[in-house]
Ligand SMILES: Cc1cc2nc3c(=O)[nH]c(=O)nc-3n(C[C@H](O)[C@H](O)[C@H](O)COP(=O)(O)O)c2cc1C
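Next up: a single chain in structure tokens, the form predicted alone.
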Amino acid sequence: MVSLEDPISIGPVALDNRLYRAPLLECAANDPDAADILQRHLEPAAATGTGLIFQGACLVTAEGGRTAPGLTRVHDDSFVAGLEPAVEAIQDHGAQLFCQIGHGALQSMELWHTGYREAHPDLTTYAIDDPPWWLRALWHTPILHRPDLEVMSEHRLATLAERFGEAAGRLYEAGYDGIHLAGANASIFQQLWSPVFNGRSDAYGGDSIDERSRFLREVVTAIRDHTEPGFPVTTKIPCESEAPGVARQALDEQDTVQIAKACQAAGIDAVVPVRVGATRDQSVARGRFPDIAWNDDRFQSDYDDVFGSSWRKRLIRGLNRLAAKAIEPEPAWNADLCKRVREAVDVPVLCEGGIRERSQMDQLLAEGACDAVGMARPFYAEPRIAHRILHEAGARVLCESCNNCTIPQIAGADGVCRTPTIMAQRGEYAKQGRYDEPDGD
């Protein structure tokens, strides 16, 4: 029977165990102290035994494509080289470090962030195709802003694929162990796969998933060209099961299986199937309505900058409340999808989303639902949670999926837990030594 402590390989990279830290927003941006920021966020997971760490959400272009404040751009040689101290510090603990890279295309933040839009009035938003009618309709409401839109040409898409390869080359030179493509959560990859957004009739369109996977193949080829043979590439893959009813052609489970097969054929070394919506919405971070975060006085002026007015802020807050009720945080909500994908491909399948107990992890591995299990927000609540998971019988995370960590991030705040009861309990656990390494260090 497979155990969480058993080693596993992704491509040629051997992991000490099957626990991973899923991508989160570290909000290091391109700060001169970005290496220190990343090390502060990521090293606790490495120091307490996490086998694989995904550094979250980095952009491959110098401008545009930003889906949230604080994302790090990895388009600059000297900046990426400056991340080496953080990479080495994390690897010194035995963890493997992969960097997630992506581009938001049509789902970029100028659609919803008023302050960002005003600061970048000439920014062009690139789309895969003419947007669906229901999305265009939202541009005439207070919910979204109307972008300065341009449908990407074949040449622009091919050039963007090369940008992915160049970014991967920089990360490889900086010592990263692999690449993780931002393939879901309304990224450019999801937009190209999804018939909701891709009705193209050229080389990047078509009726089949295989036809709509050309960009993925070009990205993988570009990464190989700029790194070395065997340098691992992993990706999330979407199932648009949470898409709104108006998105009638959303990606279903069978489409996700076909995407997984296309990824394997393209040379992807592991896939992470996830249930999402067709846009960036509550399905990205399921959970309770975050009362504490919305009422926090420290962020009100920042929220006003994001939303442009107090009444629009109240509108978005109300929609957030409705979405939290509509999309419930089921335990291990991607497990059945992961199992179906795992039955269809030979590469490792990683499972994340609503996994909160060691017993869940053991069950997922024992039942063959996946080859490794990951968590995201629990690492905000307990940065050193890996020690409890790996060494404490019956361990359960403190995270309650309350999303008090995520809402302030739309204003550029750090990804940390802000729920007083959880922080207090974490403090008690720390006093008890429940986050210490086995040697007591």
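The structure presented is a predicted model; accordingly, all values stated were derived computationally and were not measured. Each residue number is its position in the shown sequence, starting from 1.
Below: the form predicted together with the ligand, not depicted.
The ligand in the predicted complex comes within 4.5 Å of no heavy atom belonging to G178. Although the partner is absent here, V60 sits far enough away that none of its heavy atoms falls within 4.5 Å of the ligand in the predicted complex. Looking at G353, you'd find a heavy atom of it within 4.5 angstroms of the ligand in the predicted complex. Taking the partner from elsewhere, R377 is found to have a heavy atom lying within 4.5 Å of the ligand in the predicted complex. Comment: the ligand is not present in this chain, but in the predicted complex one of Q96, Q100, Q191, T256 has a heavy atom within 4.5 Å of it, namely Q100. This chain lacks the partner; the member of A89, L144, A285, I209 within 4.5 angstroms of the ligand in the predicted complex by a non-hydrogen atom is A285. Contact annotation: the ligand lies within 4.5 Å of heavy atoms from the stretch 404-412 in the predicted complex, the single such stretch among 28-36, 385-393, 404-412, 44-52. Within 4.5 angstroms of the ligand in the predicted complex, the stretch 301-320 places no non-hydrogen atom at all.
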